[in-house]
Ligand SMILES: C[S@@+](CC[C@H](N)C(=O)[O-])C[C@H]1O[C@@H](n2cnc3c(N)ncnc32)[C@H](O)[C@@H]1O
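Encoded as structure tokens, the following chain is the form predicted alone, with no partner shown.
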């Protein structure tokens, strides 16, 4: 009996190794939306990524797929449908529009894809005719964005410097792919007045990087320490006005129970100096 008990830890190790290898095989192929691995840096995550798919959003095939979805009308933005995590952003954008008079409203949409937030939100908000909505994204996304006939108020760029002096800096589902957005905003000639961040992973633990299966590609993304993330904006002159839960997005990394993010979050920061 004693000899059998000694074998139990070894059996557990063998089982865990088998289970992890089995999950990784699924993750490498059809594990859409799943996460794998805990890393300290983007470089380490990318180096460890399976070779079965490309890395990151800067992918021509992916950009063309996004445009095809818009053309078919089977993407939320193209049907002017917003999801539950969008409503806090709509509320605060509405409040900003009501309480401020803008000679020209400038919205800088960081990671705005092909203008999906503009397409969806413009159906719910009374956006002015003098609006300038700039989508900042990766080269392949921007190339497709510029190629189609779109609303004249909508434009595309890869240059974050154009966020300087914007009235609203919007980042929905994109901040987790940036190394240090607060420092980059601080470096602008003029900081945005209002920052609306949505769909990011915040939790009480140590900041980490993980990999996600995005269908055609793998993404490396940050999971942020909540207090450190908030403090990074407060330290450059912003006040946290609101924080809300996004109960659609979450992050569970198999075999890493210490990283448990049952819901993502959104935040509204306002410049105070």
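All values reported here derive from a predicted model rather than from experimental measurement. Numbering follows the first chain given and starts at 1.
Note that the form predicted together with the ligand isn't included here; everything after this is about it.
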query	finding
Residue stretch of 171-179, 187-195, 91-99, 122-130 approaching the ligand in the predicted bound form, non-hydrogen atom distance within 4.5 Å	171-179
Heavy atom distance at most 4.5 Å to the ligand in the predicted bound form, all of 110, 138 and 141	yes
Contacting member of 229, 35, 57, 222, with respect to the ligand in the predicted bound form [4.5 Å, heavy atom]	57
Exercise: residue 105 in contact with the ligand in the predicted bound form, heavy atom 4.5 Å	no
4.5 Å heavy atom contact, residue 154 to the ligand in the predicted bound form	no
Heavy atom of residue 134 within 4.5 Å of the ligand in the predicted bound form	no
Residues in 183-202 with any heavy atom within 4.5 Å of the ligand in the predicted bound form	199
